[in-house]
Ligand code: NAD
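In structure tokens, one chain follows: the form predicted on its own.
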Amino acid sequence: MIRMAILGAGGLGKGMAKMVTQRPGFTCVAMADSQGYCYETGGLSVDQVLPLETVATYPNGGMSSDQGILELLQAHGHDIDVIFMALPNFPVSFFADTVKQIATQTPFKGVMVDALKRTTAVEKLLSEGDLLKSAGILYITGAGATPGFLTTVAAVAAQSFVEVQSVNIHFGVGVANWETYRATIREDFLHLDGFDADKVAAMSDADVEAELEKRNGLLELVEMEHADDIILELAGICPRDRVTVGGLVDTRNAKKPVSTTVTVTGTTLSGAVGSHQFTVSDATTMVDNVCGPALGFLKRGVELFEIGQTGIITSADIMPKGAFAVESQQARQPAAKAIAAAAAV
């Protein structure tokens, strides 16, 4: 069994804990949140985890701490094979800072995946490739829905063309209660006109509720800062400025307000222009489309880790690579050689 720790116990973290019970080969042995952690050698009871306000109150092995992630991995890092990062991406440096702490202050060696969304957050992680490699960790970034599932769909669809003109990802998300995904919804506010990091950080839950009320619970997101752009550029699919991501989030209804689509437009060998479009089933939820692919990337990561791969790669690095004339902005940074080495199998 692949022993998993889930860092974060919000909607996605608990969703992953539930999904693991339906996927053979995995068992969730630990979870951590801002108030503490829990660990159980034989696997956590999902039925006991789901109703908890904090995993620190888990009846068998719950521990209160304001440093739950570090204390969990310092105590049990040797007994964990993979980590799913379901932490908030706010502030933007939080993920990179947390990963650096794990790499330098705990004995964990294994595979980590995230469901990060913001380009700048992924860029910060990519610069830590050498540190992760020396720590014996393989980190796969952008391994949720978008980036992740939909990014890799675009990477495969692009292979039909000699040049990719555009990649458009337009998603629909429905959640019955915004508080279940409060970190995700708060981050979405950053992409709305009139909002920035300082303003969102200062908003109380009541402020968020009031803003959602003004919008009838709907958030329309346009030209988001989404890491699909850097991931597809690094994979050689197209320059990042040809990638656009947006969507519609309904924070009051579980039903999706629109279907999620990926459209890849390009020039064919004969010079014609065409588009591939992939539509995601409306029956699938955020948990289905984030946690399911993340588990698949984790399993692939374990295979790569077992043959000695460490460092940091993206979800698109384990898909067909682009054979196009694409120069990555990231490739001009000093970390690029380390990233390329980590991606080579």
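Don't overthink the numbering: it's just position in the shown sequence, from 1. None of these values were measured; they are calculated from a predicted model.
The form predicted together with the ligand is left out here; the points below concern that form.
Participant: Within 4.5 angstroms, counting heavy atoms, which one of the listed stretches 26 to 34, 275 to 283, 40 to 48, 294 to 302 is next to the ligand in the model of the complex?
Facilitator: The contacting stretch here is 26 to 34.
Participant: Please check if Thr152 has a heavy atom lying within 4.5 Å of any heavy atom of the ligand in the model of the complex.
Facilitator: Because no heavy atom of Thr152 falls inside 4.5 Å of the ligand in the model of the complex, the answer is no.
Participant: Using a 4.5 Å heavy atom cut-off, state whether Thr260 contacts the ligand in the model of the complex.
Facilitator: Residue-level check for Thr260: no, no contact with the ligand.
Participant: Although the ligand is absent from this view, report whether Asp81 comes within 4.5 Å of it in the model of the complex, heavy atoms only.
Facilitator: Although the ligand is absent here, Asp81 would stay clear of it in the model of the complex, with no heavy atoms inside 4.5 Å.
Participant: Taking any heavy atom pair closer than or equal to 4.5 Å as contact, tell me whether Phe94 reaches the ligand in the model of the complex.
Facilitator: Yes - in the model of the complex, heavy atoms of Phe94 and the ligand come within 4.5 Å of each other.
Participant: Just to confirm, with a 4.5 Å cut-off on non-hydrogen atoms, which of Phe189, Phe108, Phe161, Tyr181 contacts the ligand in the model of the complex?
Facilitator: That would be Tyr181.
Participant: Within 4.5 Å of the ligand in the model of the complex, which residues of 101 to 129 have a heavy atom? Give them in sequence order, or say none.
Facilitator: Those in contact are Ala115, Leu116, Lys117.
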